[in-house]
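The chain below stands alone and is given as structure tokens, in the form predicted alone.
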Amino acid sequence: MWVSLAAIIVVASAIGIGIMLAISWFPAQGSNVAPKIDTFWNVLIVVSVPIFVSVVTMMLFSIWRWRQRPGEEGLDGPPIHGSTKLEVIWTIIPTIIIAALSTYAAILLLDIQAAPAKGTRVVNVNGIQFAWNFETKTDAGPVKSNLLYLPVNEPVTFDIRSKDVIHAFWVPAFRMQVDAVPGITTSYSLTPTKVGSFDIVCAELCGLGHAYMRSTVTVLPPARYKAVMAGLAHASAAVGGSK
């Protein structure tokens, strides 16, 4: 009986892991940290699916094996006594699993949050109900825009601020997310690795217009990026001079 249960758990776990890993949970990877975060997600799947399957299988087996049968409605169950050894085992094993995953997560977080290299491009991200705007310095001058442009394969640091309430700056393709908190500056660094346009969303409920607090980051080849930013810099200068 127990061998059959173990076989069911192993087979069901293998099928469950296969299905979960086959699902595209996230958009295409767009930064150097995305593969690391996706790998951690896959590790969580491999660990959690067998636990889920084991618990559900044992629960269903117990319901079937020790269910109340006709004529037993007035009977009390047989007296039982807990197993100290079993309790110790099912306390130690989850503790080891959680400790291992927490250590992995801490190492990954420290790696992602490593100090950016000197000279890394800085983009000031400002959140305001219900829009994002971006400021950055270029060779052609400062640029202010409600759309974000970045060069591919060049590191960037986002300095994130809020002018009113708490927002959260999130580019799903980059995988990174951090709160924009009034009165302080939060930041993170990464390197865009894929040319294209990617959504920017607010991941913190910030008011009635929260769902519409969206923008776009466009990652361009370096030469194209310089040309676009030069045009924006000239436009910003023209607007500033006309005021």
Partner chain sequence: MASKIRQAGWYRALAFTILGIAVCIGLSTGLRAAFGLNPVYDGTAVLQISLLMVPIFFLGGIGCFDYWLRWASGRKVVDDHADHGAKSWKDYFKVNTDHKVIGIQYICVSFFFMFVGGLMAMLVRAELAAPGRQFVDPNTYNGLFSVHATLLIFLFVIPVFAGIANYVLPLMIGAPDMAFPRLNALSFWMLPLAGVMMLLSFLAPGGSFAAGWTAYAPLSVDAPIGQAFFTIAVQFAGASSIATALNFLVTIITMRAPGMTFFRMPLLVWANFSTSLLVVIATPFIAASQFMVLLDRALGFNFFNPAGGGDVLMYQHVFWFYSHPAVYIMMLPGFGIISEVLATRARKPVFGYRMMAFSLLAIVLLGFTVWAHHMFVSGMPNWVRIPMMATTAIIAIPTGIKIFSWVATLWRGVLKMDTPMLWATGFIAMFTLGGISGVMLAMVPLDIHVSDTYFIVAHIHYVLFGGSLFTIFAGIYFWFPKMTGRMFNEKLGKIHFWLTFVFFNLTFAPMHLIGVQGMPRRVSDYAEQFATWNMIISISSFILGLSSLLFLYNMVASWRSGPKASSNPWNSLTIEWQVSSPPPIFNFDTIPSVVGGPYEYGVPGAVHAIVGDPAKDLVPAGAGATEGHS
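A quick note: this is a predicted structure, and the numbers were derived from the prediction, not measured. Numbering follows the first chain given and starts at 1.
From this point on, the text means the form predicted together with its partner chain, which you will not see here.
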Using the partner position in the predicted complex, report whether Ala22 sits within 4.5 Å of its partner chain, counting heavy atoms only.
-> no
4.5 Å heavy atom contact, Phe198 and its partner chain in the predicted complex = no
With a 4.5 Å heavy atom cut-off, would you call Pro94 a contact of its partner chain in the predicted complex?
-> yes
Taking heavy atoms only, is Tyr149 within 4.5 angstroms of its partner chain in the predicted complex?
-> no
Just one of 151-159, 120-128, 105-113, 138-146 has heavy atoms within 4.5 Å of its partner chain in the predicted complex; which?
-> 105-113
Could you list the residues in 177-195 that come within 4.5 Å of its partner chain in the predicted complex, counting only heavy atoms and keeping sequence order?
-> Gln177, Val178, Asp179, Val181, Pro182, Gly183, Ile184, Thr186, Tyr188
